[in-house]
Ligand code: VGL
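Encoded as structure tokens, the following chain is the form predicted alone, with no partner shown.
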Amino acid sequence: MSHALIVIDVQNDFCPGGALAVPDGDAVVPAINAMIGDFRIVVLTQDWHPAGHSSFATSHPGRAPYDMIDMPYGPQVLWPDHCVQGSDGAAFHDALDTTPANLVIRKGCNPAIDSYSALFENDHTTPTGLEGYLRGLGVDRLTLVGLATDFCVRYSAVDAARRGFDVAVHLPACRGIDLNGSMAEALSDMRGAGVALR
């Protein structure tokens, strides 16, 4: 069995002081750095939105951050502008050890579709290419860490489990937003998909 570490969205905008800061988000960095050398295959994901992305509240006059709207692919939370391509907010946290990374998957690049999962955009059909990369290397076991537990980590873990990977989420190296009870829902959803929470 080949085992990969998937590091989800450890970017400045998701850390304290960022545009969409996850509480205590930067606390994941030392934990991830301590693990990263134990894996032969390391993939980093990076939210990488064009300016004016359809998931931004500013793209919908009269709407505020955290409002819900219906998009062609389903319900969508409207977010503050964050992780805009090329911005400092989109950059990885300075202290994150990115040197061992084999691959960086940039997601959310399509201006019309948000992308929480490392494997699929939010239409649940458009792939990011990560699955093909992992299959090509013979990877069948994944450990996920990063930000945020209840959004991008959750959807990545559930999608990976549904695609037949053996998936674990290492919770000490994750932090969540907990938007209207989203943490409890995420943990339940991951368990229900067969994801091991450690």
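One-based numbering along the sequence shown. Treat the numbers as computed from the prediction; the structure is a model and nothing was measured.
The same protein also exists as the form predicted in complex with pyrazine-2-carboxylic acid; that form is not shown, yet it is the one meant from here on.
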Where does pyrazine-2-carboxylic acid sit in the predicted bound form: which of 165-173, 45-53, 127-135, 23-31, heavy atoms within 4.5 Å? 45-53
I'd like to check something about Ile177: if you look in the predicted bound form, is any of its heavy atoms closer than or equal to 4.5 Å to a heavy atom of pyrazine-2-carboxylic acid? yes
So in the predicted bound form, does Ala157 come within 4.5 Å of pyrazine-2-carboxylic acid, heavy atom to heavy atom? no
Answer yes if any heavy atom of Leu142 is within 4.5 Å of a heavy atom of pyrazine-2-carboxylic acid in the predicted bound form; otherwise answer no. no
Check whether Tyr116 has any heavy atom within 4.5 Å of a heavy atom of pyrazine-2-carboxylic acid in the predicted bound form, and answer yes or no. yes
Since the partner isn't included here, can you check whether pyrazine-2-carboxylic acid sits close to all of Asp9, Trp79 and His82 in the predicted bound form (heavy atom within 4.5 Å for each)? yes
Hey, which residues along 134-163 are within 4.5 angstroms of pyrazine-2-carboxylic acid in the predicted bound form, non-hydrogen atoms only? Leu147, Ala148, Phe151, Cys152
